[in-house]
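Presented as structure tokens, the chain that follows is alone, the form predicted on its own.
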């Protein structure tokens, strides 16, 4: 390790005059400087412990004249900011946004171009970005590569997934930084069957990247407010123990087409000395702009069920017929076709789900495979696939919507684009108007396959612009969006709260494919969920399943842990993903899913260690009930919980949904117990979570 640190020191550039900035509590300190050749650089410490060693900044441009060096400092302005804002929905009803800011204006003397580096230092981390004011000598420019560095002072432990321009649907690897390049080929090979793209280098990882330093600091690198720019990956340079930004290219290989005035997304470095504080951080949200929607009264958290899981496992199908691959979007083709008998989006099945939703208090019913085109949608790079308004012959839109509304339930629209983005944009107004006309107010969109226009990537600038275009357009129609296979969230749900969900990681569907590792849900809140909520689709109570592809297999979770995920995997959009028969069979356990809230007044992070365990308590918004969830890895975990967050002098009925003795995610996943007792703020409870298990608790005041 000493040799590595000496090597880093030898490679550090000589620094000129420095500017310092401290966090409001004084624990974090940023130092900005220019090297002797005029290149911007920064350092970050926490309580005098190095977090980011001296790291350089800049952009390489297509055609030369890079924005890398030759700068002089012409101005430095410091400000402070402190506000408390109320999210439309969230993990708490109020969020404090408190930071000290430093904006450094730089001039590149040889070209007379101006660049501003804006730093915001919070008690729990740093955000900084590049800004380019309107100017005569810099108007249009094309980014060849952003060269933002994050030099690590030590060989940190990290939880990472490979860099990939098209998907985040990987299992996480836990390793030292120095092991990333060695382990990468095996990780990519193991995933090759599920991805159409490859990693960009042997050392490329995706954000959010969670690390733990040898002296116990939790460090997270991500980005915030990704708008009109390419998604950032991190390229690990082992020789200097440094991460360097690596942007997703477009079809021409360029990383960004910009016009001044413009700015990059925020680059973020979260730093805490307690894993629970990482989960409590709102750094990413705070770096986004306030809500831009004047009226948000139509945006409501949603608990839903769906015609989905039996198709994921292979019992049913999305397509109506096996007779032909459709060559045109014409309903008459299907009227004369032979139904395949397994099409799930049919009138009888959907009515069954509507009845179940109404009887159990669910808001909406997702129906996938309702519209023509599914016979020929995937892996063919086909432009004109769906029109998003024409149903199959066995799906009566008007009758089913009327039936749902009569029961106090809505249907949830599904728009699978097959990544034919041009096709989606040409139909989007008509599709959204169709939703409004039929009483839909939320849509699950999907982007499976290679992007059309061909050559673009899911995470490039062109697609980043598309995803936001859809969210803005949906807001015009008062529609909430849950985008799957889209770019990973970066806190834009603060600015556009109708973005109520994303996938952008391995979700529960993989339990029917290759499976999710038992520690998966103990890592995602530290990584993927830092940028926004995930539609993880939990609630599979029948953990022993039969799939078309894999045959008999099991979900890598105990039944009790499936309940806990409604608390630990935060989302204002929560699905009960199993089929109604399973919930009727496990009616006593299903009660927790029926009871648990989806919008919160307060969240407390009781226990946490990435890759091992997470325990969270949340108080419902507009009520007095509390819910607790715990998810653990393959080792299991013992908890001792103080309930001192409850109202003093008040009694609560606590219902414990726990792993039974001998429960195990592989050997005995459906062994669970349900017990009740009266508790108060003075109570201390001890609970055991089995390997791959967890527990859930509801706490209801005794009136």
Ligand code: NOJ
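From a predicted model like this one, the values you see are computed outputs, not experimental measurements. Numbering follows the first chain given and starts at 1.
One more form of this protein exists, namely the form predicted in complex with this ligand; it is left out here, but the text below deals with it.
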Check all three, 59, 132 and 229, heavy atom within 4.5 Å of this ligand in the predicted bound form: no
In the predicted bound form, segment of 111 to 119, 611 to 619, 266 to 274, 367 to 375 with a heavy atom within 4.5 Å of this ligand: 367 to 375
Partner proximity in the predicted bound form: residue 485 to this ligand, non-hydrogen atom cutoff 4.5 Å: yes
Proximity of residue 308 to this ligand in the predicted bound form, heavy atoms at 4.5 Å: yes
Any non-hydrogen atom of residue 318 within 4.5 angstroms of this ligand in the predicted bound form: yes
Contact label in the predicted bound form: residue 404 to this ligand, heavy atom within 4.5 Å: no
Contact residue in the predicted bound form, from 333, 394, 123, 509 (heavy atom within 4.5 Å of this ligand): 509
503, 363, 542, 599 - the one with a heavy atom within 4.5 Å of this ligand in the predicted bound form: 503
Interface residues of 402 to 422 toward this ligand, as seen in the predicted bound form [heavy atoms, 4.5 Å]: 414, 416
